[in-house]
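A single chain comes next, written as structure tokens; it is the form predicted on its own.
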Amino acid sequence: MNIQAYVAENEVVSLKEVQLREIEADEIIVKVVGTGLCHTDLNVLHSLTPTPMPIVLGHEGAGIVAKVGSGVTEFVEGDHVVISFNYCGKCNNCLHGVPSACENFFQENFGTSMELSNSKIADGERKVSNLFGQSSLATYCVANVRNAVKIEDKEIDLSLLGPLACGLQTGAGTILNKLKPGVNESVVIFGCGSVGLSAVMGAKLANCQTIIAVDVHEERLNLAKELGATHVVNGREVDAVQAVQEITSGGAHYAIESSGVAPVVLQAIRSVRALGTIAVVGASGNLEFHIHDELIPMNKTLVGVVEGQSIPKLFIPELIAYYKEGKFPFDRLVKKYEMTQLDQAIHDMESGKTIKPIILFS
């Protein structure tokens, strides 16, 4: 079938007509309603994250099942779905219930070569790679039953839900699934983009006593406070580490680094107390620091967290339930754009004007 999709190649992304080939027994075709735009898409566009090219972008898709493969029993045509990250389902970590730590995560989500790609997208005779097992910046996309999440409530605005597939579950999940802070504990969150603000909301859900948000944009700090932060720190105006130390009387129990700015990782490390844990979720670059001095004497733990260590089929419905109860108001982070407005959405996201763009396809 012919579809329209945003194809990236040579650091240029354009809306093109491409084709979807026949799906396999365990796959579905989804009519996309809305797709969240994420910095990961831009990293792929600019080859900061290597993938086979050309590639159709998009990895926070939501839509309606249009066709199911011959072996699919979990979904039927007309089902509402959110499409999350892909995983193999066969490795040790997948079988132990941690698909976000899939041993084949990079291959399943970014691909290693066009020859090994399982993409069903073609541009005439030329094969086009897919992203996160979906490539949902398109009118239709193909997903596996593994990474599709059924949304039982068809009354909820489906076009809002795509960002739950990656950025929002990363922030909230890092708190609720990985760190699991106690009610009397403190957390500091560096970066108030969609991931960081989702972590703020997650920390509020966890009833953390002290929730500190750090950013350099005053309007985002104001929003963080409205979403649950007990304290905010403008890192451009004050020493963030010193401020956190003062607020917490010696350091937070937990820190999350979501800005993707490498030197901020060191700030996060220095902001926690003895036995503190630092979770890095932003796509940071190189950083040099003294391992012994920064970590060992105070028994600190530095961990990387992917996708909030979530099981999407369980966690995304949980977040939707919180949203319906008014406890996870992620709709305050989003702005919707028409299908032809991707360039504007990218500009607004990069400038900080929009926290989480959603591209509408119907």
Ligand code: CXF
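As the structure is a prediction and not an experimental result, all values here were calculated from the model. Start at 1 and count along the sequence shown; that's the residue number.
Heads up, the form predicted in complex with the named molecule isn't pictured, but that's what we're talking about next.
Chemist: Tell me, which of L45, V334, I64, V306 has a heavy atom within 4.5 angstroms of the named molecule in the predicted bound form?
Modeler: Comparing distances to the named molecule in the predicted bound form, the residue within 4.5 Å is V306.
Chemist: Which residue, C208, I212, C166, V128, is the contact with the named molecule in the predicted bound form, using a 4.5 Å heavy atom cutoff?
Modeler: Comparing distances to the named molecule in the predicted bound form, the residue within 4.5 Å is C166.
Chemist: For the chain seen here without its partner, which of 32-40, 289-297, 320-328, 65-73 has a heavy atom within 4.5 Å of the named molecule in the predicted bound form?
Modeler: Result for this chain: 32-40.
Chemist: Considering non-hydrogen atoms and a 4.5 Å limit, does the named molecule approach F132 in the predicted bound form?
Modeler: Yes - in the predicted bound form, heavy atoms of F132 and the named molecule come within 4.5 Å of each other.
Chemist: Even though the named molecule is not shown here, does Y140 get within 4.5 Å of it in the predicted bound form, heavy atoms only?
Modeler: Contact check for Y140: no, nothing within 4.5 Å of the named molecule in the predicted bound form.
Chemist: Which residues, if any, of 109-123 lie within 4.5 Å of the named molecule in the predicted bound form when only heavy atoms count?
Modeler: The stretch 109-123, when checked against the named molecule in the predicted bound form, contributes only F110 at the 4.5 Å heavy-atom cut-off.
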